[in-house]
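The chain below stands alone, shown as C-alpha cells; this is the form predicted on its own.
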Amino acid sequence: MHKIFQKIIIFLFYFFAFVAFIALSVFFIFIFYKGVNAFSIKLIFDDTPPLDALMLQARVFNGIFNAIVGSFFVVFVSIILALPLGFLSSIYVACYASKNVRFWMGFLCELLSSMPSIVIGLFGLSVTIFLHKNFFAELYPSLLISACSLAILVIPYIIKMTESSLCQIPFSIKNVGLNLGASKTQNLFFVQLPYVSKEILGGIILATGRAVEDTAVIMMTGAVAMAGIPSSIFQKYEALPFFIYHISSEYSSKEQINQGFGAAILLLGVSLFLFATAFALRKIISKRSGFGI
C-alpha cells in the first residue's frame, strides 16, 4: 500500500511538471507566433535611418526606439537609487540589528514586496502632487518620479536576497576572519560578502528584471506615448511596457496589435539577457572567489 501511494505521488509530480512545461511552451510559442512577423528593424526605428536614431540626429516617431531608451534610463536610475539603500540596509539587518529590528524589517519588506505596484504608483503620483503644490511648482510626473517609485518597488527584493544570503553563511566561514584577528567590518567585506556575491548579484538582477517589466508604476508617474527621448530626468518619457499596454488597448488594425507582440518579444529578450548575464557573472565570480560551486 505504501509503495502504491508513493508511485501515485511521483506520478503527480511528473504530471504537474509536464502540465507546467506545456503551459509555458504554449505561452512562448503564442507570443513568438504573433510577434515574429512584426519584429524587425522597422518596428524599432520605423522609417528613420537607424544610425541617425542611435546618434540622436533624427527622432523616431512610430518605432519603439524611444521606448527602449526610456526603459533603460528609468531602470538604470531606479537601480542606482535602490541599490545603496537596499544593500546597506540588508547588511545592517543581517549583521548588526537586534532581533526585534530584524523582525520588523522583515515584516515591512514582506509587506512592501507583496503590495500591488499600482498602489506604489499612486503613492508616487500623490507625493508628486503634494510637492508640486507646496514646494516645487515646476515638478510634474517625470522619469525621476518613476525611478523613485520603481526604487521603492525593488528595494525589498534587494534587502531580502542579501539578508537571506548573509544569514545562510556557514558558521565556519562566517567566523574565519574573526579567528584570524580581523575586525567585524573587515570580516564582513573580505570574507562574508565575497562568499555570497553570487546570491547578491542574483538579487540585483531579479530587482532589475522586476523594474523592467512593471507597467502600473510608470503609467501613473511619467510614462506617456510619443514623448520622445527625454533630455533630463524631469521630463516625461516612453517605456517599453507602457508601449505594449498603449498599443494593445487602442489598436485599430492587426498590424498594430502585432507590433505589441513584437515589442513583447523584445521585452522577453531583455529578461532573458538579464538572467543569462547573471548566470555568466555568477560562474565567473565563483571561479575567481574560490568559494562558489
Partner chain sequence: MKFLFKFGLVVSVITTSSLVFLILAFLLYFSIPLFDSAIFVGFFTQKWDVSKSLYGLLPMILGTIYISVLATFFATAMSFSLASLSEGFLPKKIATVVEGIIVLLAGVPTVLYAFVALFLLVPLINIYFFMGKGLSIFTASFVLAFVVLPTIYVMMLSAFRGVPKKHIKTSLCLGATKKEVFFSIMLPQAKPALLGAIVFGFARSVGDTLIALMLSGNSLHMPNTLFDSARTLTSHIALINANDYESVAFKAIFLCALLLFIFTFFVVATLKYLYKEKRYA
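Positions refer to the first chain, counted from 1. Between two forms, the rigid core is defined as the largest C-alpha subset superposing within 1.5 Å. Being a predicted model, the structure only gives us computed values, none of them experimental.
There is also a form predicted together with the partner chain; it is not shown, and the following applies to it.
Using a 4.5 Å cutoff between non-hydrogen atoms, residue 45 does not count as a contact of the partner chain in the predicted complex. At a distance threshold of 4.5 angstroms between non-hydrogen atoms, residue 159 is in contact with the partner chain in the predicted complex. Put simply, residue 267 is close to the partner chain in the predicted complex: some heavy atom of it is within 4.5 Å. At a distance threshold of 4.5 angstroms between non-hydrogen atoms, residue 100 is out of contact with the partner chain in the predicted complex. Here is the short version: of 36, 229, 54, 257, the single residue with a heavy atom within 4.5 Å of the partner chain in the predicted complex is 257. Comment: 239 to 247 is the region of 239 to 247, 221 to 229, 37 to 45, 58 to 66 lying near the partner chain in the predicted complex, near meaning a non-hydrogen atom within 4.5 Å.
Contacts between stretch 12 to 41 and the partner chain, counted in the predicted complex as any heavy atom lying within 4.5 Å, involve 12, 13, 14, 16, 17, 20, 23, 24, 26, 27, 28, 30, 31, listed in sequence order. Superposition of the core reveals a Cα shift of less than 2 Å for residue 40 between the shown form and the other one. When the rigid core is held fixed, the Cα atom of residue 231 travels less than 2 angstroms between the shown form and the other one.
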